[in-house]
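To begin, one chain is listed below as structure tokens, in the form predicted on its own.
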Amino acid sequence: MNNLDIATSIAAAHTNVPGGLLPALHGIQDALGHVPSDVVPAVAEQFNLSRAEVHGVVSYYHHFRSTPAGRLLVQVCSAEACKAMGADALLEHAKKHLGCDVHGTSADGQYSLEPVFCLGLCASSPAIAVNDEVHARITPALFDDIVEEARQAS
């Protein structure tokens, strides 16, 4: 089954659900790792929307990616509690350590870096997630150790 078939199948399962476009896009991203631009016309057709409308949703929400993420998706919490405990400095450290900017992927395709708003660990901030595994009370040194461990495990 190719990407278009997978996306069309997922979209079809949500077409009769009010507000079904977002769950469909989540499903496509979960299945393919991103929402490829070449599936947008088929998704639009399923929902009787224009390609611009679907593209607008994909590009509006930072959660959706139109290109594949790196092998490790590193998310740094940018909510208020984490910011108060040094998340901005941690994000700057992450950019340098990973070799990519926010919403970007390193040149070798190893890492993607995303800010997120609340990982639910406010009492143990700052927090990060690496491929959906959350970690709390992160220092730059701990960040480096966690990322290296995840890199070796992947």
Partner chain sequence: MTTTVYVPRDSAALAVGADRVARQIEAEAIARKVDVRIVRNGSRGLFWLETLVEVATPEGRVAYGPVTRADVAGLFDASFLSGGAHALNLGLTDEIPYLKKQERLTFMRMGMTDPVSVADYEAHEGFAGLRRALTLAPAEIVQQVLDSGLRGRGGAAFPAGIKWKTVLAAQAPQKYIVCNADEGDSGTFSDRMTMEGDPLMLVEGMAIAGIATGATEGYIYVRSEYPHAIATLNEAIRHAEQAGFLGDDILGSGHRFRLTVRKAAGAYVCGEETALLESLEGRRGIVRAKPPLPALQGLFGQPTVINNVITLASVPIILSRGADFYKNYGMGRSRGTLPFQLAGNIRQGGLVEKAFGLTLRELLYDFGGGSASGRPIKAVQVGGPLGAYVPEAQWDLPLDYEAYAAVGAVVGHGGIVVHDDTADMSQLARYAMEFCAIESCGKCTPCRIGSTRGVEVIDKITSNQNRPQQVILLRDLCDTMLHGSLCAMGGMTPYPVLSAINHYPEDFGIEAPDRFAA
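For the two forms, the rigid core is made up of the largest set of C-alpha atoms that agree within 1.5 Å on superposition. Numbering follows the first chain given and starts at 1. Everything quoted here is computed from the prediction, not taken from an experiment.
Below, we refer to the form predicted together with its partner chain, which is not included among the displayed structures.
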- Note on the structure: For its partner chain in the predicted complex, the stretch among 104 to 112, 38 to 46, 56 to 64, 90 to 98 with residues bearing a heavy atom within 4.5 Å is 56 to 64
- Mind checking whether each of Met1, Ile10 and His34 has a heavy atom within 4.5 Å of its partner chain in the predicted complex? no
- Message: With a cut-off of 4.5 Å between heavy atoms, is Pro68 one of the residues that contacts its partner chain in the predicted complex?
- Response: no
- Query: Even though its partner chain is not shown here, does Val17 get within 4.5 Å of it in the predicted complex, heavy atoms only?
  - Reply: yes
- Query: Is Ala136 close to its partner chain in the predicted complex, meaning a heavy atom pair under 4.5 Å apart or at it?
  - Reply: yes
- Message: With a cut-off of 4.5 Å between heavy atoms, is Ala141 one of the residues that contacts its partner chain in the predicted complex?
- Response: no
- Note on the structure: Applying a 4.5 angstroms cut-off on non-hydrogen atoms, the residues of 1 to 33 near its partner chain in the predicted complex are Val17, Pro18, Gly19, Leu21, Leu22, Pro23, His26, Asp30
- Message: Is the shift of Val134 between the shown form and the other one large enough to count as movement, that is, does its C-alpha move by 2 Å or more after the core is superposed?
- Response: no
